[in-house]
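A lone chain, given as structure tokens: the form predicted alone.
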């Protein structure tokens, strides 16, 4: 059975929020919209987002690192949000494994958000229905788009290629190879939900700095008196350049 999912490389995610804004733009204008934003610039803003990037610091000073952690619906293979829905609005598609919400059936009871251990379901305060990542289902199956563009908006927008998309049940797919070869893992597997989305762990990189590199050296041209100088009647570099 096909199981579409995202694989996110935490080693190259820079927290630029491109995935967040592209997701918001695409889905607001698509079948999942609209995604409300109330008081976005006030002290108590509220809004509906399918994708959020959490940023936090790990380690102890001075050996600390900043980690950017994108999180959205993980499209679990055994989603706990589906059986608790009293109206059947939450369901998992057989053909591609995507978990969706039927807005016509949703009554906004929030049972699914309480059942989700990842906190990735949100209520739209205007439409009073639960909303979540759809993996851009209206985009990835749109045959009018070139095949290269049939990917979620967040994947298309990521400037560092930190987000991969594909079938995790296909052992030869890009995502399966990345999970297998780079130690991809599931988020909170102890819950038994078998999330389809995976994360690629951060890899510790050490930079060796030689002692002589810590001493600032003068420009050798300036030391040797070979630095080009303008004639007395010509403007100096400071006169014609805005630093």
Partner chain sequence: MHPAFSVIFLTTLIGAGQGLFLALYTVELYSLFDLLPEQESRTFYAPGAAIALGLLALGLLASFFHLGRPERGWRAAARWRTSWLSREVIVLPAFMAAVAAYWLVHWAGWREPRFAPAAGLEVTPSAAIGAAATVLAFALYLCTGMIYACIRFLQEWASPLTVINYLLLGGASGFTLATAFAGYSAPALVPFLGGWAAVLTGIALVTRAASLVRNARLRPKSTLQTAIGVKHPRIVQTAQGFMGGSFNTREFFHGRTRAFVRAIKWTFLVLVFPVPVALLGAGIAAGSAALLALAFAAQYVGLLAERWFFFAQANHPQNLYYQAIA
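What you see is a predicted model; the values in this text were computed from it and never measured. Numbering follows the first chain given and starts at 1.
The same protein also exists as the form predicted together with the partner chain; that form is not shown, yet it is the one meant from here on.
J.: If we define contact as a non-hydrogen atom of the residue within 4.5 angstroms of the partner, is residue 113 a contact of the partner chain in the model of the complex?
T.: Yes, residue 113 is a contact residue.
J.: Within a 4.5 Å heavy atom cut-off, is residue 39 in contact with the partner chain in the model of the complex?
T.: It does: once the partner chain is placed as it appears in the model of the complex, residue 39 has a heavy atom within 4.5 Å of it.
J.: Tell me, yes or no, whether residue 104 is in contact with the partner chain in the model of the complex, where a contact means a heavy atom of each within 4.5 Å.
T.: The answer is yes: residue 104 has a heavy atom within 4.5 Å of the partner chain.
J.: Taking the partner chain as it sits in the model of the complex, is residue 84 in contact with it (heavy atom to heavy atom, 4.5 Å or less)?
T.: Yes, residue 84 sits close enough to the partner chain in the model of the complex that at least one of its heavy atoms falls within 4.5 Å.
J.: Counting only non-hydrogen atoms and a 4.5 Å cut-off, give the residues of 56-79 close to the partner chain in the model of the complex.
T.: Going through 56-79 in order - heavy atoms within 4.5 Å of the partner chain in the model of the complex - the hits are 56, 57, 58, 59, 60, 69, 71.
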